[in-house]
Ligand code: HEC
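Just the one chain here, laid out as structure tokens, in the form predicted alone.
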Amino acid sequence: MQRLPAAFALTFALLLASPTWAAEEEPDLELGEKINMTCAGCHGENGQGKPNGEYPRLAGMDARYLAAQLRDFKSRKRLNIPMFPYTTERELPEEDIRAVAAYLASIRLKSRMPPVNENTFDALERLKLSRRILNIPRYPGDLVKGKRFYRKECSNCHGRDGRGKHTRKNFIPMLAGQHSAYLLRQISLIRAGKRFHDEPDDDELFSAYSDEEFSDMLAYLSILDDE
């Protein structure tokens, strides 16, 4: 095999070592935590969202999914008026997208408080821990029917455990641990043709199911975050 000239080999090695050619750097979680202070006004300090369904839980969701949604907000592919001021290139460059998405993905919300250990009890730490507790209330519906419906109609994309699935092209969000009111709101928007699902005509697909079937599904999803 023919050897590269020494000068060319050195130049090539330097190019590979440069930031342009090097592997993508890990997201800055400290930067992400600072950026999240802006997000906290709506989504909560720990990305827990709001039970009334206005703002979703973001904590623990896949970073690639979160980043993809932020890029869609920036390009206006996904329209959301409250997000407009915060999703410009000046306010949210790519580095910040990756940082805040990684930070939110790193947050782990428990569904219940651990037992009290009298020997190591710390009131302040207990209070801090309580802020990272999120248990979705049991939604009214038939759990058995809801599980059957979910496994048949939804699990192929969102996973049997509701934790989402991700491929090189598609980032599908988790549904387990998400607020029921938010999920119901998105279902209603898709059925009304006001929000696209995977395809523009999916509103017709969603309209084929009854309110009772969706209630049963939400009941099943509401228990998937129980530990």
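Residue indices: 1-based, along the sequence shown. What you see is a predicted model, and the numbers here were worked out from it, not measured in a lab.
Below, we refer to the form predicted in complex with heme C, which is not included among the displayed structures.
Peer 1: Can you tell me which of 75-83, 140-148, 124-132, 107-115 lies within 4.5 Å of heme C in the predicted bound form, counting heavy atoms only?
Peer 2: Of the stretches listed, the one contacting the partner is 75-83.
Peer 1: Give a yes or no on whether every one of Q69, I172 and Q186 sits within 4.5 angstroms of heme C in the predicted bound form by heavy atom.
Peer 2: Each of the three qualifies.
Peer 1: Does heme C get within 4.5 angstroms of any non-hydrogen atom of C42 in the predicted bound form?
Peer 2: Yes - in the predicted bound form, heavy atoms of C42 and heme C come within 4.5 Å of each other.
Peer 1: Verify the contact flag for I190: yes if a non-hydrogen atom of it lies within 4.5 Å of a non-hydrogen atom of heme C in the predicted bound form, no if not.
Peer 2: Judged by the heavy-atom cut-off of 4.5 Å, I190 is in contact with heme C in the predicted bound form.
Peer 1: Using the partner position in the predicted bound form, report whether R163 sits within 4.5 Å of heme C, counting heavy atoms only.
Peer 2: No.
Peer 1: Does A59 make contact with heme C in the predicted bound form, using a 4.5 Å heavy atom cut-off?
Peer 2: A59: no contact with heme C in the predicted bound form.
Peer 1: Just to make sure I understand: among 127-163, which residues lie within 4.5 Å of heme C in the predicted bound form, judging by heavy atoms?
Peer 2: In sequence order, F149, E153, C154, C157, H158 come within 4.5 Å of the partner.
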